[in-house]
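Here you get one chain, nothing else, as structure tokens; it is the form predicted alone.
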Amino acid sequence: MFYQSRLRSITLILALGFLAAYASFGSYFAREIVIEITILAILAISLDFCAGFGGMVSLCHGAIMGISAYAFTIMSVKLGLPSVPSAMIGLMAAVVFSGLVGWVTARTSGIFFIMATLAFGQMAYTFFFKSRWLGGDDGMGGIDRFDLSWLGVDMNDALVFALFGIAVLLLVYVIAAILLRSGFGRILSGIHSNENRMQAVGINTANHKAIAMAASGLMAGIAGILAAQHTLYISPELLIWTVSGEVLLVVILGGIGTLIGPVVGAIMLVMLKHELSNYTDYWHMIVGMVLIFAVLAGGRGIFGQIEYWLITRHPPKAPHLPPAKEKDLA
């Protein structure tokens, strides 16, 4: 079951504060890095929601993000709708697709679930790759960012857009935390722990899995809208399975089943990638070594392992109870 501990709250504040400071005092390139981190972190949170707490390890979250981005672009560029209604339709497309994937794959588990989601993702990738109306492998451009000029906000400013991305990341984290703390989230954790037992008490686990995938798809769709707004261009590369693989790597690196771990993992991966690439072309090897170390250290990820060390060294104290009186024992 998910709980928002003090350590997780502090880590979230520090992570968002670091991103805001890095964007505010850094160069234009630093702001681009922050936006990249926020998009990856949002997508990783969406995957951790269904994989870390529902046991549904998906390899189609890149496709869900891409479908949202394409639906948004079709509505805004091809059909000329305003950005906000187009974004709502893009999110709806992500929810419908992910809910369909969840409904079809809900009765599978383990490697079979992973392969089924991979198949759905590749089908979506092939569709957009072959569609000439949508640009095929050339992709689509001409995307506009949200018009917030009525608030005096210029979304075309790199710093403003980076801070907007951080705010969206915080919003997605809060939504995921609220859902996981709800009755639905507790049922989802129960399904992950023992699905047969949950079925024995009358829970329709297949429906809950499908709903969890749809909720996860909503968050992945937000990442897709943000990605389209960032580059003002989309292509089938958003949907390829390696995007989903990278997101899964981020979740494992940060700590699966912690919700804040994906944020930590996204910051570490993107910062390592951009900083190490300045010194060596073999930065993939160093990132791979960090991942191997995180797995061998206990399989809890970086944040998960730190949290485990702190809990084992400083276990929570049992509440002090007053001594029982004789009349209480009678």
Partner chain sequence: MDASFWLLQFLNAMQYSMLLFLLSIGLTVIFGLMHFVNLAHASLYMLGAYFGISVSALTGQFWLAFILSPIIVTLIGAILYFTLIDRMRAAGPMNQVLVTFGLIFVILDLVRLGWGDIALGLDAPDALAHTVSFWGISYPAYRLFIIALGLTIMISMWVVLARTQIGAMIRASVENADMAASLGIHVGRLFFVVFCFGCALAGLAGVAAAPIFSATTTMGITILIPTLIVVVIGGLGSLEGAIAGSLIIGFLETFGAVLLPSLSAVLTYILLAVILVLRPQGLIPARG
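Here the structure is a predicted model, which means the values were calculated and not measured. Here the rigid core means the biggest group of C-alpha atoms that line up within 1.5 Å when the two forms are laid on top of each other. Residue numbers count along the first chain shown, from 1.
What comes next is about the form predicted together with the partner chain, which is not displayed.
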Item to complete: Answer yes or no: in the predicted bound form, does the partner chain come within 4.5 Å of a heavy atom in every one of 39, 270 and 308?
Response: no
Worksheet item: Exactly one stretch in 143-151, 74-82, 161-169, 127-135 has heavy atoms within 4.5 Å of the partner chain in the predicted bound form; which is it?
Response: 127-135
Worksheet item: Should residue 256 be classed as touching the partner chain in the predicted bound form when contacts are defined as heavy atoms within 4.5 Å?
Response: yes
Worksheet item: Can you check whether residue 96 is within 4.5 Å of the partner chain in the predicted bound form, heavy atom basis?
Response: no
Discussion item. Can you tell me whether residue 26 touches the partner chain? I mean in the predicted bound form, with a 4.5 angstroms heavy atom cut-off.
Written reply: no
Discussion item. Using a 4.5 angstroms cut-off on non-hydrogen atoms, would residue 157 count as touching the partner chain in the predicted bound form?
Written reply: no
Fill in: Interface residues of 86-101 toward the partner chain, as seen in the predicted bound form [heavy atoms, 4.5 Å]
none
Fill in: residue 26: Cα shift of 2 Å or greater between this form and the one not shown (core-aligned)
no
Discussion item. Once you overlay the rigid core, does the Cα of residue 284 travel 2 Å or further between this form and the one not shown?
Written reply: yes
